[in-house]
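Shown below, as structure tokens, is a lone chain in the form predicted on its own; questions about how it binds or moves come after it.
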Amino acid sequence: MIMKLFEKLLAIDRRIIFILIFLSVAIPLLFVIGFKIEVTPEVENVYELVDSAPKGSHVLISFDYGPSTKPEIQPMAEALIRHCFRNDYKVICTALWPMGVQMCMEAIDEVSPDFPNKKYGIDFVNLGYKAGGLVTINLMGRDFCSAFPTDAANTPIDELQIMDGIKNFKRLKFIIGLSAGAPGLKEWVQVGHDAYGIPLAGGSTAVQVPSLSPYVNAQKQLTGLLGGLKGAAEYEVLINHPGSATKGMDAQSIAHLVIIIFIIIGNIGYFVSKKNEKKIS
């Protein structure tokens, strides 16, 4: 009886397996299941830094990534902007990568419907992209207007209400760097934190985490770090707003479970069939 069952399972059309994997990924992306996600201290530190500033504070988020790493980092951007808007911060966005400008606007467009009172130029601004990495960050630290004389829409920044009194890094409460490589978070550590002393936290792809974790140290070169999709999902837990990262983790967990089940069935079926062949011979 058991032998026949395994023979049937081993003979399953592989197209059925593909369909099951597809459904195990697609369904959690459409409907939030909300598996329990443990929050790590590194992510909690980012949350506490963002949550600790007084209302009306000016903060800077740098979008240093592009479409290829959007699935991992964009959920972080949306969760961080949501948290900043909820706390009534003034959000200044910059980009050290050309496509970061688009990533910024897409994140704001995703969050803005929940905050209809937030106005461009008053509550948030996209200053656009500037090449130069370390040099650009250092220039912003001395004089924003020299680095970004206009915003992404070519409006002079001295005409934007949000930039009133913001000449350099001095009045920023913190900086968040969202990074997929260089220039990115390491450059922000070297200049933004080490040279100008601004509290700094960040988010990165999962593969970058081992190289960035040493900066989360006693000197708080990085106050905290969001690592990959799981880091974004942890932040969504802290702001109590399940989003695309939570759905992604659900889909990943179920897909892994289905794959593991088929691996177990395949291995048991293989050994049972081998044992049966020996008995017959």
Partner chain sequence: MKRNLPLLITFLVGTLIIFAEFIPHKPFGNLSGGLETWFMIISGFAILLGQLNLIKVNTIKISRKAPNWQYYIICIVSFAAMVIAGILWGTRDQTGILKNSQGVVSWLGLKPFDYFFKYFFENLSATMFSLLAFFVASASYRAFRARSLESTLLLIAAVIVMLGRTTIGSWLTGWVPESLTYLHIPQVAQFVIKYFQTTGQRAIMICAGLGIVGSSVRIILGIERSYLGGK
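Since this is a predicted model, take the numbers as computed values, not measurements. Residue numbers count along the first chain shown, from 1.
There is another form of the same protein, the form predicted in complex with its partner chain; it is not shown, and what comes next is about it.
- Residue-level contacts in the model of the complex: of Arg86, Lys170, Lys119, Arg142, one residue has a heavy atom within 4.5 Å of its partner chain, and it is Arg142.
- Interface membership of Glu72, defined by any non-hydrogen atom within 4.5 Å of its partner chain in the model of the complex, is confirmed.
- The shortest heavy atom separation between Met249 and its partner chain in the model of the complex is within 4.5 Å.
- Contact between Leu238 and its partner chain in the model of the complex is not found at the 4.5 Å heavy atom cutoff.
- Remark: Ser179 does not count among the residues lining its partner chain in the model of the complex, judged by a heavy atom distance of 4.5 Å or less.
- You can rule out all but one of 171-179, 78-86, 128-136, 156-164: in the model of the complex, only 128-136 has residues with a heavy atom within 4.5 Å of its partner chain.
- Residues of 28-54 placing a heavy atom within 4.5 Å of its partner chain in the model of the complex, in sequence order: Phe35, Lys36, Ile37, Glu38, Thr40, Glu42.
- With a change of no less than 3 Å, the CA-CA distance between Ile21 and Val207 is smaller in the model of the complex than in the form shown.
- In the model of the complex, the Cα positions of Ile33 and Glu110 lie at least 3 Å farther from each other than in the form displayed.
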